[in-house]
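Alright, two takes on the same chain below, each alone as structure tokens: structure 1 and structure 2.
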Structure 1
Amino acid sequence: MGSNRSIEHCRWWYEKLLRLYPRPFRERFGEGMAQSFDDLCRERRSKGRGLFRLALWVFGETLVGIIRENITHMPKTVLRVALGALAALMVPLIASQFVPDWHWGVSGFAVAYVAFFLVGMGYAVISRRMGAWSYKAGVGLALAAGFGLAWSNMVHVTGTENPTLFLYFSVLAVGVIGAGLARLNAGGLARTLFAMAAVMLAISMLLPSGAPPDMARRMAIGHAGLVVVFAASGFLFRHASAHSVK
């Protein structure tokens, strides 16, 4: 029952589980934890016993440890993100003082703060998966561009009630589904971001804007900007993927 193959299989899954620890903890103790788990499995096998109960127990108590370590590391991150979101909120808050038609009200700013905070937390959680600067930069660019696209689209949908604008959400859907399928690995995220850039480009070329020339020019610039940013993020993830292989 407890053959070398099953021990290797268990260790492989245990190493996957260890990836849920905060990165500094994982880098410091991950190897030792995997070794100790391996030793426990071999000891079990030498006694002629199966690995299922041992694996269930160790995975359970490690999961408790993962929750504890993440909670321990989280308050500092949450505080940093909360302050960062507050700083970001200053931009619309100050800008609204100078733009005549900007009337958000308290609820508008509250929604904006929550949105900034969620994007910031998304960055904090995802970017810690890899130490490479290009991975972190790629996550930052992708989230910023995705947020910008979602926000401007929400504003335009609300303002014009044009249902074709919902097509833009397909870009975000590609991003969410692609990131899920890629399990946030750099190589998969690179392909996802290139796909998002391609969908964005296709929409901007195929969707009839019906807008006045001046507005259409501004939209084209905005679309081109998003395509470039999504593609740049894709290249950063590709760089991170190559870096992780070396």
Structure 2
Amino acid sequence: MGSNRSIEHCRWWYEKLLRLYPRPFRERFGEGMAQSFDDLCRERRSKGRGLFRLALWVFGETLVGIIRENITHMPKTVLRVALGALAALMVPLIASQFVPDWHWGVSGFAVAYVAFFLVGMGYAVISRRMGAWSYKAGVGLALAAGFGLAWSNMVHVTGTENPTLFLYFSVLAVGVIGAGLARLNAGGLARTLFAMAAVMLAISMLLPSGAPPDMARRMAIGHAGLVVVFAASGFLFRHASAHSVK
């Protein structure tokens, strides 16, 4: 009984992962892939072996296939995202010419470009799940705020070597876990973004900055801005959820 339950649990999660494939691919191959995974699990169980390594390998291989298929099925989107990331890269590139302490090398700009591209692709893949403008706007705000938080926090951690700053990554962890549990549905994403805003507010109020007054004031403004953006994204997802019910 326990073996069958674990197999059913693994298959349930695998079927959820398959939903990230483009619809034509999923409709053609999804059921067969799920059945093949189920057969592999049962064969492994019959030999008295665990499922963790098999699931890890299959899930990883499937995730690579999902990324490849999504890129293959939207070449125009990839080109637009690539050009948009290049345009976004012009901002730090131009700013570095006027800010005296800006010492990025080629590798720094390359990392920034990859980050911009990944965020853009994330928006392109997620936002097309629902046609409502509020869903698309909510995705954009959430990704922009999450990217800003991650980037600024990495800069501060590198500059100050203060390990307590890693607490800010808990906000992003809430977002990733919540989005996964919500399966990117608007109602679940609304709750996730409200939770992110609450965690961000709690950290900003409870974590002492230890910074000079001017810097502490700027940090407080930045924290408040992120709380507002996360909450605004949550309200947009709530609007999208209500729209989908009608």
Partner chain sequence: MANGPLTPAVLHILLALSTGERHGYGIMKQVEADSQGTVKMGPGTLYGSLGRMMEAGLVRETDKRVDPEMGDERRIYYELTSAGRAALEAELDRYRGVVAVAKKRFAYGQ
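Everything numeric here is computed off the predicted structure, so don't read it as measured data. Here, a residue number simply tells you its place in the sequence of structure 1, counted from 1. Think of the rigid core as the biggest set of C-alphas that the two forms share within 1.5 Å after superposition.
Source of structure 2: the form predicted on its own. For Gly225, the Cα coordinates differ by under 2 angstroms between the two structures after the core has been superposed. Fitting the two forms on the rigid core leaves the C-alpha of Phe235 displaced by under 2 angstroms between the two structures.
CA movement of Trp13 between the two structures equals 13.3 Å, with the two forms superposed on the rigid core. Core-based alignment between the two structures gives a C-alpha movement of 5.2 Å at Pro22.
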